[in-house]
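A single chain comes next, written as structure tokens; it is the form predicted alone.
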């Protein structure tokens, strides 16, 4: 349910409504706008008659049910697009935000070189995995905390916020000490215990769509984080599994306008995982901007042929610089800027 307060409702009236919502056993999620305050009441829907009766309370304009199963992620809860701030970077506004870097932190030298490449080309954030979920237990699994320390050093030197993946609940505290954005990979999108714990963290969460996750399931995963109090969520379409074998995944660009219609959360696109082939990344990156994406997640490696993981889909420095230059006109055509 959403309790819509009257324009000019007094603070004590708003606080009384919040207290009543919580007394009924619901979690309250107030959004204080310029003109009015909206309060989301999330919990067991069997008490919705008691919530509906709150229309009689002083300062309440109306009580509106949210029909979507994802309540807090829904446009019904918040019609205006949300933005997520990562340092000085604002994701979800008019700027197309580019997060770039290697799939994994392989060494200090490699990461520093890659950070310099993406910084000089105009990227806004640096990505790199310290913990790597791999299909095979015999492949490179990441450098762990040492990799996080290298990422933090790169942030200090280059001035780029860092995005890195967290795989388990036990890693959250450690990763949060170093990272500016905690990424949830495709394989963990329905790890609900992990999502609930991330909902208690005061850090932005980049939530990737699973390879076989429907839009509804995806937004329900975001709801797990939101329901615990963390509204700093960035969605990321990274391709889904279909019958097609010519690409690593099928990049579902339909998801961008669908998500924009269904949710207020910002949406990124990962054309690297979405295609699996570096030569396809520029075209899909431009298409993502045209589709309305708020940003891009792109793998860049100084020497992809030597990469420990995902070398085939990683752009070389010259290719990335060219793409960043070409994206400017696409952003401008979409009424935005890079």
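These numbers were taken from a predicted model, which means no experiment stands behind them. Numbering follows the first chain given and starts at 1.
The same protein also has a form predicted in complex with a small molecule, omitted here; what follows describes it.
Engineer: Is residue 273 a contact residue for the small molecule in the model of the complex, using a 4.5 Å heavy atom cut-off?
Structural biologist: Residue 273: contacts the small molecule in the model of the complex.
Engineer: Please run the contact check for residue 221 against the small molecule in the model of the complex: heavy atoms, 4.5 angstroms, yes or no?
Structural biologist: No, residue 221 stays farther than 4.5 Å from the small molecule in the model of the complex.
Engineer: Quick check on residue 299: any heavy atom within 4.5 Å of the small molecule in the model of the complex?
Structural biologist: Within the cut-off, so yes.
Engineer: Report yes if any heavy atom of residue 142 sits within 4.5 Å of a heavy atom of the small molecule in the model of the complex; otherwise report no.
Structural biologist: Outside the cut-off, so no.
Engineer: Specify the contacting stretch among 124 to 132, 224 to 232, 173 to 181, 75 to 83, defined as having any heavy atom within 4.5 Å of the small molecule in the model of the complex.
Structural biologist: Result of the contact check: 124 to 132.
Engineer: Only one of 103, 111, 268, 205 gets a heavy atom within 4.5 Å of the small molecule in the model of the complex. Which one?
Structural biologist: After the contact test, the surviving option is 103.
Engineer: Go through 186, 154, 195, 97 and name the one with a heavy atom inside 4.5 Å of the small molecule in the model of the complex.
Structural biologist: It is 186 that has a heavy atom within 4.5 Å of the partner.
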